[in-house]
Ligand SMILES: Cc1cc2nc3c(=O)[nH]c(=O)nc-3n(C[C@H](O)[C@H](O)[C@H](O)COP(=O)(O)OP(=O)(O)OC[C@H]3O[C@@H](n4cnc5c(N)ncnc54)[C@H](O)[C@@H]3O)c2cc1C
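A single chain, nothing else alongside it, follows as structure tokens in the form predicted alone.
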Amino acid sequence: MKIAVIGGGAAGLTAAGSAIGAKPIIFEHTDKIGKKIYITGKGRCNFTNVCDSQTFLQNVVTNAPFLRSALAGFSPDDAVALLNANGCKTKVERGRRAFPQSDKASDVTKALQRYAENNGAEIRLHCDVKNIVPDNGGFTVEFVGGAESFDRVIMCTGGMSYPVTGSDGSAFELMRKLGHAIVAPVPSLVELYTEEDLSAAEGLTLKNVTLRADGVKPIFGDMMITADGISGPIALTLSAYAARREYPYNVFVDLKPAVAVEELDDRLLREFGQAPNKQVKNALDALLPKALVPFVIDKWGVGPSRQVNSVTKKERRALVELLKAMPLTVVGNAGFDRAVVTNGGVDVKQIDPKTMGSRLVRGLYFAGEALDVDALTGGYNFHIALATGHAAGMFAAKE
């Protein structure tokens, strides 16, 4: 049986390796396989999260139930075992995040390539697929320079995030031609742009703060200030949950989540009382990072040169409320060029969750970021590519 695997990323390599007994041919339209793998986890490749399936699914933002069967068939422990068996020693770090022991993403690519090639996979680079035509129970795959017949096709073409790696969304048109609905792709796990100018505090990391938005459970952790807005773990998490929210929308940062309102008011009163002649602009260093003080004071609306002994109880209370809910207006995001993953893709209602096979076109399968499934940071998205690729390859070869 000949299987065409369209895309040579994590999902495609895993699909090719899992298509036992078939002859898989990987079509990769760039100059090398696994381009996106090389930049995953800042070049270290957090390839899975070693947790139970319930915890895993709680970290899936879109269409989590669809993944139950794929996860049952290929668990995080299976991902670790696959890499170890193919020459990539692994380790597990804080937050159950699994990495190659070498901290080199290239070792993950080499292991997945070895897995595919050990199953007889052929890899064709610079091979751009232009059309896929169902043909007498099989398919004709048309590519630049020729065409070839296959029994099965597995679409592992990625989404639209980091298009420089080859995931440019061009394959969605192929899927539409085959009758599949595409949920419009939008960036996820991406820096958020704010209406407010935070550039004076660019590069500042706010540790242990809480980010809130209507309809989203409060998110606790670290947040980074950028030239254009906010990034870091909790901002990326919010971007995933609010991926389809219309701009602008309001968010609130609790800069002191561990301190109750009354307790914070008492602390301010003590700070002001210890140096009553201090100017406001010099009185908040014990409470806030210095780079953020001018922004907070501007939001507060009390003149920076005012002496703290002139601050009224009402004004002090307003500062407390600001520290507990600093408002920001999100007006956009950094786009696909900087988004970690894509929200959107092939409508999973048209896909069999057990086999990853199309419900519309017999012999057509899907895996990875091409599907309308995405998750939070922590190795979940990479594992989704592995698990869906494993299912697609295995069942394509069986059915």
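Quantities reported herein were computed from a predicted structural model and do not represent experimental measurements. Numbers follow the displayed sequence, beginning with 1.
Same protein, other form: the form predicted together with this ligand, not shown, and the subject of what follows.
Heavy atoms within 4.5 Å of this ligand in the model of the complex belong, among the stretches 326-334, 64-72, 357-365, 25-33, to residues of 25-33.
Checked against this ligand in the model of the complex, the candidates 185, 166, 138, 233 yield a single residue with a heavy atom inside 4.5 Å, and that residue is 166.
Interface residue among 128, 285, 195, 263, judged by heavy atoms within 4.5 Å of this ligand in the model of the complex: 128. Contact annotation: residue 353 falls outside 4.5 Å of this ligand in the model of the complex, judged by heavy atom distances. The closest heavy atom approach of residue 280 to this ligand in the model of the complex falls outside 4.5 Å. Taking non-hydrogen atoms only, residue 156 approaches this ligand to within 4.5 angstroms in the model of the complex. Put simply, residue 11 is close to this ligand in the model of the complex: some heavy atom of it is within 4.5 Å. Proximity of 46, 162 and 385 to this ligand in the model of the complex is complete: all three residues have a non-hydrogen atom within 4.5 angstroms.
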